[in-house]
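Let's start with one chain on its own, the form predicted alone, as structure tokens.
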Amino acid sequence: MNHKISFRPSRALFAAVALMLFTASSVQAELLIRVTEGADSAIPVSVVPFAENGSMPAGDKVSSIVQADLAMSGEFRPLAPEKMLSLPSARADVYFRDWRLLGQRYVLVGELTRNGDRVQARYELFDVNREERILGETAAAPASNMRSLAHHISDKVYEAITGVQGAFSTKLAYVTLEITNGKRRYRLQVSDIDGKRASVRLESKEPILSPAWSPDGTKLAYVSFETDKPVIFVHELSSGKRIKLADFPGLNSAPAWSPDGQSLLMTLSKDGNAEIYQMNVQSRKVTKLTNHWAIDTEAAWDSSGEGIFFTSDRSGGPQIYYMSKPGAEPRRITFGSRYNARPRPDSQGNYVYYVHQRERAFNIARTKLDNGEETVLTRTESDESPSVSPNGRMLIYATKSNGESVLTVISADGGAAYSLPASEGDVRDPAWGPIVR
């Protein structure tokens, strides 16, 4: 992908789209997970292999999935089971002195029991230093859905320790491309956040771009070129039903849902220049939010649902701007380089993340909204498409690693990194789904 577009009005119709196009050789549906960097400040935690009563489904163990989830967050450093001095499954068998000798802060124990087609998990989390139980719960799931049970336990453990809701039960959307005998097949896919249980939701010989989750997690908006031009569709995941939402002359791109799910931000050039619009999903009424000779694109709602961040070249090059409400004067947010684009604010209103150019490298950076402090989070050279986890503690983006295109998950402060490459080929444009209650 070539970031180095001029971002001038003469390229207004397809400037945003040009940033998204990519090529590849071959790709399979499921992503892999590869540890690339740990965090020095990670909290030591032991996830003891759960005891099992009855025949358990083949595949990854529940405790192994929980351990991998916690490690992926970058905030925890799980102890390998082979280094444990004992394997307790209940409070009576936990000897806190042993876990202190191993330098552990928390220990999770549990037991799985199969009853017909369902598996029940009883688990407890202990604070080793205080010798206190801080979490105890029983949860159950169909035997065919053990990964969801494990992600649920991960969420509960994460929240018990950090006080922040876990996001391991959420989903990822992303786009892959397979080239066979010179023919391209684009696929919009949905998976767990660890890349498992991937499923293809749309397949096309034309590009698919910019997937965006509805707040309730039931729909995806995206851009498709299946009609030989960029058109915005809304896709209902349970039924597969698709609605063509924006098919105006020129550019229809960069959809972003409002927090209430009633409308979408989008970039349209139907009146000649690329501007930010808001469309009511039911009535299809569009409201123009920006009106400037420059290119305005890639809008995203702020945490309040009142203001928007967007990319504009009105200062001479792509920068991030903020409009506190419709009609307000946009305020420039980024100043650290000549190129800052694709803003993605967190849901807590603390930071906005974006693609940032330093010399010839494109990295992911963030700006603290209360004081304007900028931090560059990544150190690779071709990073793009940041998407923030719904709890604000992790970030996923697309990049290149050893010549292959991968998705990388990092902690929101850049302190740890995990890659999610496809088994072969190219993967792009990640979108982190919401926490569904």
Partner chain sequence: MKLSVHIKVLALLLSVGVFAGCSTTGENMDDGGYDSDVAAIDQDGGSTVYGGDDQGGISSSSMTEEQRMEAQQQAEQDALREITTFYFDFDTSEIKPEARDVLVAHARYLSSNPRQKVRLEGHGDERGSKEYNLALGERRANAVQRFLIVNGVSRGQMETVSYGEEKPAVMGSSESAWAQNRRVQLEFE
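Numbering follows the first chain given and starts at 1. What you see is a predicted model; the values in this text were computed from it and never measured.
Heads up, the form predicted together with the partner chain isn't pictured, but that's what we're talking about next.
Engineer: Quick one: does L220 come within 4.5 Å of the partner chain in the model of the complex, counting heavy atoms only?
Structural biologist: Heavy-atom contact with the partner chain at 4.5 Å: absent for L220.
Engineer: Is the gap between D98 and the partner chain in the model of the complex 4.5 Å or less for some heavy atom pair?
Structural biologist: Contact check for D98: no, nothing within 4.5 Å of the partner chain in the model of the complex.
Engineer: At 4.5 Å between heavy atoms, is P207 in contact with the partner chain in the model of the complex?
Structural biologist: Within the cut-off, so yes.
Engineer: Looking in the model of the complex, any heavy atom of E329 within 4.5 Å of the partner chain?
Structural biologist: Heavy-atom contact with the partner chain at 4.5 Å: absent for E329.
Engineer: Given the stretches 223-231, 132-140, 71-79, 100-108, which is the single one in contact with the partner chain in the model of the complex, using a heavy atom cutoff of 4.5 Å?
Structural biologist: Result of the contact check: 223-231.
Engineer: Check each of A365, I295, I153, I276 and return the one that places a heavy atom within 4.5 angstroms of the partner chain in the model of the complex.
Structural biologist: Of the listed residues, the single hit is I295.
Engineer: Taking the partner chain in the model of the complex as the reference, which of E178, D346, D194, D313 has a non-hydrogen atom within 4.5 Å?
Structural biologist: Of the candidates E178, D346, D194, D313, D313 is the one lying within 4.5 Å of the partner chain in the model of the complex.
Engineer: Quick one: which residues from 398-420 get a non-hydrogen atom within 4.5 Å of the partner chain in the model of the complex?
Structural biologist: The stretch touches the partner through K400 alone.
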